[in-house]
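Only one chain comes next, encoded as structure tokens, the form predicted on its own.
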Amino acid sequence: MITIDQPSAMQAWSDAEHRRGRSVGLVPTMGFLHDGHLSLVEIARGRCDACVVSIFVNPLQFGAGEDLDRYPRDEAGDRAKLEAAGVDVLYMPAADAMYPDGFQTAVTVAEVTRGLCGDGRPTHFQGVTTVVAKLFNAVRPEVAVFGEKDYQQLATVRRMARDLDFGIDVVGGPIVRDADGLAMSSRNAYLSADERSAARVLSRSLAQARTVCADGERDAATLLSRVRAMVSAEPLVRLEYASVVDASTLRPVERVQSDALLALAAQVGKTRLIDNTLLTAA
């Protein structure tokens, strides 16, 4: 595995791979890697000849008072995991390489960034799409893999890639969960033992709603009331939102008549976690 830290060098490496007839896959990350990230690497390696993983803690997607300064980092551990996973390139640009003096351009996706996490984090997705557009231009991949835990992010990047003619296949990787059901996240490192135990209510509430839906309940308000009741019984968890939305448009639905997404966000102590599950009317 080689490490590249400049966009021009990353472009040159990718261009050389393409001249050799080799396809390139990209997994964008902010580091502090876990098995969920590595599952995305496996998808990328299965679809492409060469795999690039980017690590960049993107300041543009953190709002005021969020955890940019304390976001967990483990460069040595990340390198070891990526080497073992067979990654070809670690693209690790510095902030001034990504956003040099005078940088003033932003990429905005309008509709799918409304609602869900977009309400409470109004600048977040513009930061995501801006940095991902820069990563796409530097790495020039045929395939880019994003986790379905950040479902709104995945939908936003897919929309951007289509609208701006990137010609990149944006692939979603299934949520990976720990044995206790908690969705894997770098932010789980913030949780105390008691908070982690409490956070399990998020996946349990989603599983209950999925079961109730499969048993025939289609009313979104009823499903959401069950989620809210279950989460509210856990004193260490404060629900930020729970919504049932169309899985493609992310607009709220009143009934589950086709594939729908039940998504939620919650504060567990001082840590914000998100999770989701797909509901089907079949």
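For clarity, every value in this text was computed on a predicted model and none was experimentally measured. Quick note: we count residues from 1 along the sequence shown, nothing fancier.
Beyond the structure shown, there is the form predicted in complex with adenosine monophosphate (AMP), which is absent from this document and is the topic of what follows.
Only one of 220 to 228, 37 to 45, 237 to 245, 250 to 258 places residue heavy atoms within 4.5 angstroms of adenosine monophosphate (AMP) in the predicted bound form, namely 37 to 45. Taking the partner from elsewhere, every residue among M30, K149 and I175 has a non-hydrogen atom within 4.5 angstroms of adenosine monophosphate (AMP) in the predicted bound form. Adenosine monophosphate (AMP) in the predicted bound form is approached by M184, whose closest heavy atom lies within 4.5 angstroms of it. The shortest heavy atom separation between Q153 and adenosine monophosphate (AMP) in the predicted bound form is within 4.5 Å.
When adenosine monophosphate (AMP) is considered in the predicted bound form, F166 lies well away from it, no heavy atom lying within 4.5 Å.
Contact annotation: Y71 falls within 4.5 Å of adenosine monophosphate (AMP) in the predicted bound form, judged by heavy atom distances.
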